[in-house]
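What follows is a single chain, given as structure tokens, in the form predicted on its own.
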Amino acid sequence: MTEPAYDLLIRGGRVATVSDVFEADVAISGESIVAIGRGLSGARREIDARGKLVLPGGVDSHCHIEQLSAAGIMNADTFESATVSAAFGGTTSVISFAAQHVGMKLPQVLEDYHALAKKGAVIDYAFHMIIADPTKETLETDLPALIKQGHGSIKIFMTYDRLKIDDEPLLDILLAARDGGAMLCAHAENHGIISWMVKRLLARGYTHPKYHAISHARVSEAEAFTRLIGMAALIDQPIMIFHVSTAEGAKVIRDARGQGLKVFAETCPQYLFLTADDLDKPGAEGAKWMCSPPPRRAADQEALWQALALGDLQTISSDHAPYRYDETGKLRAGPNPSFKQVANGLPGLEVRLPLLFDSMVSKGRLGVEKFVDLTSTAPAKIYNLHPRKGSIAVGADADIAIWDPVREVTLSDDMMHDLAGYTPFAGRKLRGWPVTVLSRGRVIVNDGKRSVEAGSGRFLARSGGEAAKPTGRLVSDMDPEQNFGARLL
């Protein structure tokens, strides 16, 4: 008797890549895709994908999992609950954060987060290293060693009292990233503007959650983007700007990229589907919709969609930051907190892809190829997970989401698998849903049922990759008067 050629065959679906959509069978052996074609046969098991779309599993490159905030609040999810939630939404790889706070040793921070992920994660994962304490030891000893161990990206905050990195140490971090070959990611808002606004709003009794959106004045985003891009250009260090929320911010990025600067940027579903009006709810309920930066206006949504279409923004992440609407999370300061006392962040790992599929594919906004690119292929390439992740191609990991393009689902709090207890998108009716999800050839979700064990995800070691390589164009190269500054680097 002939031994079966393949372990698993996904038959008759429409496979989508960043450039094409075509009908094909996808054959899997072990953990990898080994053949793509029509009329394949000889598998131990088959999945009938006729009438469905076969897409690469999502890569969510910005999510906070089992993370302690600078204010001492643990977010709602464990690595198990968060990654199970991701899997039910069609995501098969995540990049979360190993968060250093002032006084913490970065190697110990990474060791602690690795232990949590190894115990709980059901899909594959990597880490961005948050640097909040850029000591000489951190930058000159710890960071180079950790980059070599496969932690190819760094995150900094330009705001938040306990996390913000001022301009001079930020230049030190940019240089350390350049020397180590790592990507530098940033939460970029002007801290002084936000702090000034918060103090004046609170002093005048404007404490309701809706004033959170006003406190983060939109000018604070564009100003911080401009300042960060200028510093990165001086050092010749590629950067990723997280969660772009305004039309003005998108324009700053477009202009920088038009000058040939190596600037990447993302946005998130909350900025494409929510507005500041969503924070205006009775009592403290608007706290459920509080994140930083806040949702803006309908005109900003349109500007962000245009930026995605033009390629000014390259990825859409969830920025999953789950805090329960109770005394352990959003209401830690009491049942009627001021907006300043509310933990910032929204759950979003599970609904990221369905929200975007409904808008981009079902409603035809940008099409399935662009959906695949923005949610899977582009983040995999930028963060050096490609070609192993982010594509349906021979040799790639068999991370696949099979979508029923006509299934209609109304989002509700009860259907979520994370531990936040709610979704800010409840009540939305979506068309298109991931019905079968595979991670490295394993069926981990099928028709609403989980079939994967905690701890079966794997760490994805990676360098900064091509995206993190300097351009070789220092500001001083373009301006002869700054040649002395170049020598200082």
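Just so it is clear, the model here is predicted, and its values are computed rather than measured. From 1 onward, residues are counted along the sequence shown.
Another form exists, predicted together with a small molecule; not displayed. Remarks below refer to it.
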*Can you pick the one in 52, 64, 462, 440 that has a heavy atom within 4.5 Å of the small molecule in the model of the complex?*
64
*Though the small molecule is not shown, can you say which of 291, 117, 94, 106 has a heavy atom within 4.5 Å of it in the model of the complex?*
291
*Where does the small molecule sit in the model of the complex: which of 371-379, 174-182, 253-261, 291-299, heavy atoms within 4.5 Å?*
291-299
*Examine residue 324 and determine whether its closest non-hydrogen atom to the small molecule in the model of the complex is within 4.5 angstroms.*
no
*Is residue 319 close enough to the small molecule in the model of the complex to count, meaning some heavy atom within 4.5 Å?*
yes
_Within 4.5 Å, heavy atoms only: does residue 314 come near the small molecule in the model of the complex?_
no
_How about residue 344 - does it come within 4.5 Å of the small molecule in the model of the complex, if we only consider non-hydrogen atoms?_
yes
